[in-house]
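Single chain ahead, written as structure tokens, the form predicted alone.
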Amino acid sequence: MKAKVLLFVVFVVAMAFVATACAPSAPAFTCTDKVGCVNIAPNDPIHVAYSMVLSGADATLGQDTKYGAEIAIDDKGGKVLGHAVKFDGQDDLCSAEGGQTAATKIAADKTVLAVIGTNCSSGAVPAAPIYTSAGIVIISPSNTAVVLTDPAKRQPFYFRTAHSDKFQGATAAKFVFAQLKLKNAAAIHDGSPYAQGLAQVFKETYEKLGGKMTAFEAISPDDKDMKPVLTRIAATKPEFLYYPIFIGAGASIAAQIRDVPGMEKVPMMGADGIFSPDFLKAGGKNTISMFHSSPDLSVMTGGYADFKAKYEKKYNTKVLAPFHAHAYDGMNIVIAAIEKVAVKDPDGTLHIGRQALRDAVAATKDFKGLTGNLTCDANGDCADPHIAIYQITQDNFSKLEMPSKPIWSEGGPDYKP
């Protein structure tokens, strides 16, 4: 009897093996993506890189956006589709050379799916073609130069959650002309795609409104002695000075302007490139009462207050610059695209087509982000742009904190001098 039972058990087990052997197995994944696929083994991470400015005078701009992207990963529990997220990258120095070098290093790593960056438009111009050639999506939280999403020049794998300077420059010009009622203005730029493009939009809008540009000067980002250019500008007798540049040169202008005859009381305005406590520290007391155009933090929704609390607790600092939320949204758009296109094997292996990932990012529509309701257009502009004007107070300067409440925005409160 025992022998019969044993034979029966052996028979059942044997038939189970036969059935398993004969059962149709899942077909092996075949990559049909025209740019290629990234295959991620069960225990390997999903690799997203960053290209940001993390040293020098503008380091807070990069730190701020890096923090925003890291919090987005934290909010996913550090994992996507069961895989840890690896987030590392390069300091691109906020320069064309740095952007190109960083892109070359990142693109050489075949595991990288996407890049959050660059911060500075000057770094993105040479970097975007490198990423496109490698089939790596790049989504910038703070590039604002108009040229980057120009239909004739935009690289197919390039996107941004930051606004275009065509919005920011126009808002600044409207504020100076219509609210301050100043009819003669001068501008300084540093020749970078960001600064020159933004100053140009300001000039064009201001002149269309009826204002006169008394001077339109260029400096080098590394210039320290600003008295020669300020002296030339003073000779044109401007009522206002607009300089949408970066912290190093911008702080030198602020520190020296009141020592130049004719510029002792001329109001100043910068832009989001110097909207940082580091600018107040380097520029000194002359930054008090200065205006800035920058993203309107007051209209951010979708949990921005909770996000800001996490930021301040995790990094033990107040927000450092204005683009942290744009980085958070950029990382979440990338994650959503990965979740949409990834093919997952039974053992957990992921297969992600590079063109498919790019197309999923491009198809982003009505994405509920911290910065608004984001939809990517045909040229890679995904932002829901809201630009406001801020003014530095004595309290801001004393505490080395940028203002969080704007004094004016289009459709917002009128400025009362």
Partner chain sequence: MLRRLSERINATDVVMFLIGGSILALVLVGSVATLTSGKYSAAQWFDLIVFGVALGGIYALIALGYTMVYGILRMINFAHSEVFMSGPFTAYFLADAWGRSGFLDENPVVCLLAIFVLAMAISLIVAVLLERIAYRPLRFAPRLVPLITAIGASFFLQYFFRGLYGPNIKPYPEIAALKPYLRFGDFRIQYVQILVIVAAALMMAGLQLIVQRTRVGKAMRAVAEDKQTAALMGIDVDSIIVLTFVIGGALAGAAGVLYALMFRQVSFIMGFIPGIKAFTAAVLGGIGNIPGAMVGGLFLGVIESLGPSLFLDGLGIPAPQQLKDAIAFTLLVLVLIFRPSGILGEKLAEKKA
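Numbering follows the first chain given and starts at 1. Since the model is a prediction, treat every value here as computed from it, not as a measurement.
One more form of this protein, predicted in complex with the partner chain, exists but is not displayed; see below.
- The contact with the partner chain in the predicted bound form, taken as any heavy atom within 4.5 Å, belongs to Q256 out of T205, S95, T149, Q256.
- Comment: the partner chain is not present in this chain, but in the predicted bound form one of S252, S164, Q90, N332 has a heavy atom within 4.5 Å of it, namely S252.
- By the criterion of a heavy atom within 4.5 Å, Q200 is excluded from the residues contacting the partner chain in the predicted bound form.
- The partner chain in the predicted bound form is not approached by N379, whose heavy atoms all lie more than 4.5 angstroms from it.
- Using a 4.5 angstroms limit between non-hydrogen atoms, D223 touches the partner chain in the predicted bound form.
- Contact check for D345: no non-hydrogen atom falls within 4.5 Å of the partner chain in the predicted bound form.
- When contacts are defined as a non-hydrogen atom within 4.5 Å, all of I219, P228 and R232 contact the partner chain in the predicted bound form.
- Heavy atoms within 4.5 Å of the partner chain in the predicted bound form are found in exactly one of 233-241, 109-117, 77-85, 127-135, that being 233-241.
- Residues G56, A57, A59, T60, Q63 of 56-79 are found to place at least one heavy atom within 4.5 Å of the partner chain in the predicted bound form.
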